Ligand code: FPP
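What follows is a single chain, given as structure tokens, in the form predicted alone.
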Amino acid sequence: MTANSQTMKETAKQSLKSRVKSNLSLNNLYHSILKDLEKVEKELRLFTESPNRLISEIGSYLFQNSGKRIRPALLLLCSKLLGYQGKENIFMSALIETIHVASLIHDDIIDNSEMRRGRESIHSRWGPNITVLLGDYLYIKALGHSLRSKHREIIGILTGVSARMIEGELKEYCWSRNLDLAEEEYLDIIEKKTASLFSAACQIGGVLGNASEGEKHSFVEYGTNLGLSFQIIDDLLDFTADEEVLGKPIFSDLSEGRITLPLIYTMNNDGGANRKRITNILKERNLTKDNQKEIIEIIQSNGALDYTYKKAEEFSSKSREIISQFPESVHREALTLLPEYTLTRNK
């Protein structure tokens, strides 16, 4: 990398870092629900207990690394925000996380990803045949367990969001490597693939807490906006993050054919020469390191990173505004700070 390109990269990173207001940690945000999250972890391990040795082995591997657990946390916090004191929120939080993990397993097969959360992906370790079956197993088991709920509405939410996430995955696949993807279509994809499960978690928390129709609507909108912000930052990190911190190679989205907002902005707003150059580079399926550096330099030099971050800020601000309508509590405070965390995270 040239000295000039290195300077541009550092300038872009500093521009983003200058917006960080505080160093938030999930442990601090989750302090009011840490004991509940521990119970969720136990439920997750129970879901993959099986007389089938392979299912137990892979299940144990899956849940060794707990990840961020944002979706279970949202369900717990939203239910407690409305005063819920039962135990079903623990069980439902585990189901939401199981659906999320199943979707990641299928994503890794489609993308041929070798790494997930800093470790070998299930696909890389056990191969595609076993992996696709395990993803199916987790989906079916989660939906089967949902039938135990006395809330028919929750069953509908879980089946609906599962179909919506798959629809988003199919749409993303159809647009793979297509540089004509518009921002509106990109937002629709990430709403289905990511934000819909955030929204479902919040909505189920509302159902358990006997939310009014207005409160349920607010939870849906809060979760959707938070999920959009989260995914946009995720896509931004693919160009700016430290690989060791991120837990997977940077530039993996484009290498796997996914067109995300920084590139969409570039193709719509950069000069014709740069658009043509990127188009020609992406005709080659196997991008070299030099190709990657060239695309990153173009994106870093035209305001695409700032635009992408500001778009994430817009959705984050909407989610904070929505949740501020609820009565003040320790749970509302956590839900208010989660949008800020999505903007400041580095992995």
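Source: prediction; values computed, not measured. Start at 1 with the first residue shown and count on from there.
Just so it is clear, the following notes concern the form predicted together with this ligand, a form of the same protein that is not shown.
**Q** Name the single residue among Asp107, Glu256, Glu185, Glu88 that comes within 4.5 Å of this ligand in the predicted complex, judging by heavy atoms.
**A** For this set of options, the contacting one is Asp107.
**Q** Within 4.5 Å of this ligand in the predicted complex, heavy atoms considered, which of Leu134, Ile157, Ile99, Leu208?
**A** Comparing distances to this ligand in the predicted complex, the residue within 4.5 Å is Ile99.
**Q** If the criterion is a non-hydrogen atom within 4.5 angstroms, does every one of Ile166, Thr194 and Gln231 touch this ligand in the predicted complex?
**A** Per the other structure, all of Ile166, Thr194 and Gln231 touch this ligand.
**Q** Within 4.5 angstroms, counting heavy atoms, which one of the listed stretches 272-280, 75-83, 231-239, 149-157 is next to this ligand in the predicted complex?
**A** That would be stretch 231-239.
**Q** Whether Asn225 contacts this ligand in the predicted complex should be assessed with a 4.5 Å heavy atom distance threshold; does it?
**A** Residue-level check for Asn225: no, no contact with this ligand.
**Q** Would you classify Asp111 as touching this ligand in the predicted complex, given a 4.5 Å non-hydrogen atom cut-off?
**A** Judged by the heavy-atom cut-off of 4.5 Å, Asp111 is in contact with this ligand in the predicted complex.
**Q** Quick one: does His123 come within 4.5 Å of this ligand in the predicted complex, counting heavy atoms only?
**A** Heavy-atom contact with this ligand at 4.5 Å: absent for His123.
**Q** Check whether Ser103 has any heavy atom within 4.5 Å of a heavy atom of this ligand in the predicted complex, and answer yes or no.
**A** So Ser103 counts as contacting this ligand.
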